[in-house]
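Form predicted alone, single chain, as structure tokens, below.
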Amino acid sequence: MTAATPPVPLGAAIRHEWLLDWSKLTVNHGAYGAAPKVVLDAQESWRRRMEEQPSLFMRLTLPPALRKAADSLGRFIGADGRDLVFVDNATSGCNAVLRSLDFAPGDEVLVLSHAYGAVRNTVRYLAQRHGLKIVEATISFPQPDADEIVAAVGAALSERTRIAVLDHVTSASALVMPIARLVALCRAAGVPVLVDGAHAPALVDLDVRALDADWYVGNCHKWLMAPKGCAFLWTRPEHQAAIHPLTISHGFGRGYIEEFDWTGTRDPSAFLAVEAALAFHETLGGAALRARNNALAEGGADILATALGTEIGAGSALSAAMRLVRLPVPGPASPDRALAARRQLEIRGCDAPVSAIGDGLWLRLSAQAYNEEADYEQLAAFVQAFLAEDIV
């Protein structure tokens, strides 16, 4: 067995590990992930412990359990647990950072043209509230080039840039940014960097400490397959005193960890079950699983593009286990047409995002441990069927 070979049979052979409805075609893991049964069982175990003695659990069990979970997650992402706090999702983490900063009228916030819509809206809110200017670094598509991306971000920086908000993996276009080069570029210009790594943990190899950004947020419910509502915010030590959670509670003024670890009564079981998710990911191969999923997504995109006589959105250097394939639909691209195409897939028992990017409609497919080549052949058949009906 080579280092790149997962240690257990994958694809259909492992589908019993999930609660997914296998009468439907699941090729959209990148949207919300899918927690396996063993992780959900761990979450339920924590819930039972909490309900046995809620007050004692919240006061005595939860604080060290959260820190233990943070330490375990930190080892996986290349970070110290003491610099890592849990948040409900990556958007919440981005909000916590952006809404903690001091801005002045005329300050600029740099975002990518492929930035996630919810985070872009956060920047819009701040721009309206503080008189900021949003500066967009335009990323070409399809077939973007890493050097061109770096040049575009460099050209968008100025002496007024207060912060750069950079996606590690873009959502709609599934591009793996040359994030280390982008962070280094911004830091050399004296610009703080917030990395929106919503998709990155367990999709790509991640070493947050080595990346050297100022803040990094990531979801654990997607590719790491933790329960929904499990994400993290990593903050460089020198910035931690200035960063506060969205809900100010009893920990205010007591430091970064105390403020984030307790924001009021909530169900912390998703955070605590992250250790079970980490163990499951390693059981499936860890780095070998990530490499296998990447290769499967590349092959799946080839199957779909060949069947449709069309193109793939990006090469392997800027891709991982999500890929985009252009739909051969004539005429202008629009969000309404993209939604109509997605609806046709739903009717046939499949959910996959379709986005209008530039002049094309692009379908995003994902590859996770439970997928296999036949899934993408079935996806191609579904797409060909509705295209033949000329509905979109």
Ligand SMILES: Cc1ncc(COP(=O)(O)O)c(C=O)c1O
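Quantities reported herein were computed from a predicted structural model and do not represent experimental measurements. All residue numbers are counted from 1 along the displayed sequence.
What follows is about the form predicted together with the named molecule, which we do not show.
Which of 253 to 261, 291 to 299, 115 to 123, 239 to 247 sits within 4.5 Å of the named molecule in the model of the complex, heavy atom basis: This holds for exactly one stretch, 115 to 123.
With a cut-off of 4.5 Å between heavy atoms, is A273 one of the residues that contacts the named molecule in the model of the complex? No - in the model of the complex, heavy atoms of A273 and the named molecule never come within 4.5 Å of each other.
Would you check, heavy atoms only and a 4.5 Å threshold, whether N219 touches the named molecule in the model of the complex? Heavy-atom contact with the named molecule at 4.5 Å: present for N219.
Taking heavy atoms and a 4.5 Å cut-off, does S269 contact the named molecule in the model of the complex? So S269 does not count as contacting the named molecule.
The named molecule contact at A90 in the model of the complex, heavy atom, 4.5 Å: Yes, contact at 4.5 Å.
Using a 4.5 Å cut on heavy atoms, which of L304, L73, A198, A213 is close to the named molecule in the model of the complex? Of the listed residues, the single hit is A198.
Among the candidate residues A164, V208, V169, M225, which is the single one with a non-hydrogen atom no more than 4.5 Å from the named molecule in the model of the complex? The residue from A164, V208, V169, M225 that makes the contact is V169.
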